[in-house]
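Next comes just one chain, in structure tokens: the form predicted on its own.
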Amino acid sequence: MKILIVGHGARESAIAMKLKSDHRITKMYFAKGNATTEMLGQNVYEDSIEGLRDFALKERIDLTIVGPEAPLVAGIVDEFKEHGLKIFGPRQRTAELEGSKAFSKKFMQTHGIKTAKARVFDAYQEAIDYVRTQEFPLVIKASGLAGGKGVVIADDLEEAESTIHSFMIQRVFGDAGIQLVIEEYLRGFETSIIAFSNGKTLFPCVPVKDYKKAGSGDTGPNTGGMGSVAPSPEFTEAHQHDFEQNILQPTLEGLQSYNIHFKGFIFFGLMVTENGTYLLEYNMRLGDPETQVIMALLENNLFDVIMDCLDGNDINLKFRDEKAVCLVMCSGGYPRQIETGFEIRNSEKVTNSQVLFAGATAKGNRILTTGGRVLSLVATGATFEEARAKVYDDARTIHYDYEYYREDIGMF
């Protein structure tokens, strides 16, 4: 079997590491990949959906797994299926649940899914007039894809007006911010639940806690994720029941009412409050850094799970009775201004954790930084303290110029 994995982050590295020991897989290709994937297979540098399609046809790829959201929203699954190529992920229509926060909010409201009260705005002045009548804080979201950075919690009117102006007028996220969702602020803790879909049923993985803020103590700007732990220590059986009854099941019923029977991943971004569990957002793919800890605990053969889903079979997910911690090491200044091209030293000396490169590439016998989130360190243990000690010990081993990471991942 030949596998193509689309994406270049630590998420794709984690998928590849999970698949690497399967003897049925003869070769893995990665578009565009990173320093980890280059060690596990072959990185290819196709960008476009058409280029990836042609590559998959030429190389007779048996299965394609899509990591990031952009190609899903652009219709890569539709294109591959039209040419008889097996691919795991939602079609373009279904991917709009992530590609348009306005569409997903309407979906939630239509199908009685427990979510924050919100309104959608297409006009700048209407959004400004609305926030002038509201209590703060408020959550302001760019409707389109913004790399996990298009959400601002505005603490006062000045910040709300500035955010609306930067999204809709300055267009800091391009077309992603010309439509906004403005919703009530919910107090509580966030949890991520990712589920496999076989076209008929959703099969949830262990709940994950993701650390989104750049700074220790949950300070600074939102990022794509600075670390994660699983299972989420705060998420109880009662929270799980609330999620299944008021979010998971009505989501499935809503998809079926739209005649949507996709085979891929669905990500539930949750806020757990004193009044129960609420849905903040859908992603239609694996999260990053959630994937890193899920793959560390998953006992099932990943290839078998995906193939069963594609065949419409039910699956029985099993996870190790351990704790997993993922620490993301970044370039200084992330998620804002960063410098790259610095050599990463001593990664080969890491002994306690799995090193999953993301914003890093191999140049000869050196590995250089290429992005904001440079690598993930993942470890498991009987306790969070044990797993946490492993990743931080290894983080102190690795060095590159302007390295940065939070000091409190796994401390809750």
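Remember, predicted model here, so these are calculated numbers, not experimental data. Don't overthink the numbering: it's just position in the shown sequence, from 1.
The discussion below concerns the form predicted in complex with a small molecule, not included here.
Since the chain is shown here on its own, which stretch among 252-260, 146-154, 330-338, 231-239 would lie within 4.5 Å of the small molecule in the predicted complex, judged by heavy atoms? Only one stretch passes the 4.5 Å heavy-atom test: 146-154.
Listed residue (V206, M307, A116, A102) with a non-hydrogen atom within 4.5 angstroms of the small molecule in the predicted complex: That would be A116.
Tell me, out of L85, A176, M271, A296, which residue has a non-hydrogen atom within 4.5 angstroms of the small molecule in the predicted complex. None of the other options qualify; the answer is M271.
In the predicted complex, is there a heavy atom of the small molecule that lies within 4.5 Å of any heavy atom of V131, even though the partner is absent here? Outside the cut-off, so no.
Determine whether any heavy atom of E79 comes within 4.5 Å of a heavy atom of the small molecule in the predicted complex, and answer yes or no. Because no heavy atom of E79 falls inside 4.5 Å of the small molecule in the predicted complex, the answer is no.
With the partner left out of view, is Y185 within 4.5 angstroms of the small molecule in the predicted complex by any non-hydrogen atom? Result yes; Y185 sits at the interface with the small molecule in the predicted complex.
Please run the contact check for K200 against the small molecule in the predicted complex: heavy atoms, 4.5 angstroms, yes or no? Looking in the predicted complex, residue contacts with the small molecule do not include K200, since no heavy atom lies within 4.5 Å.
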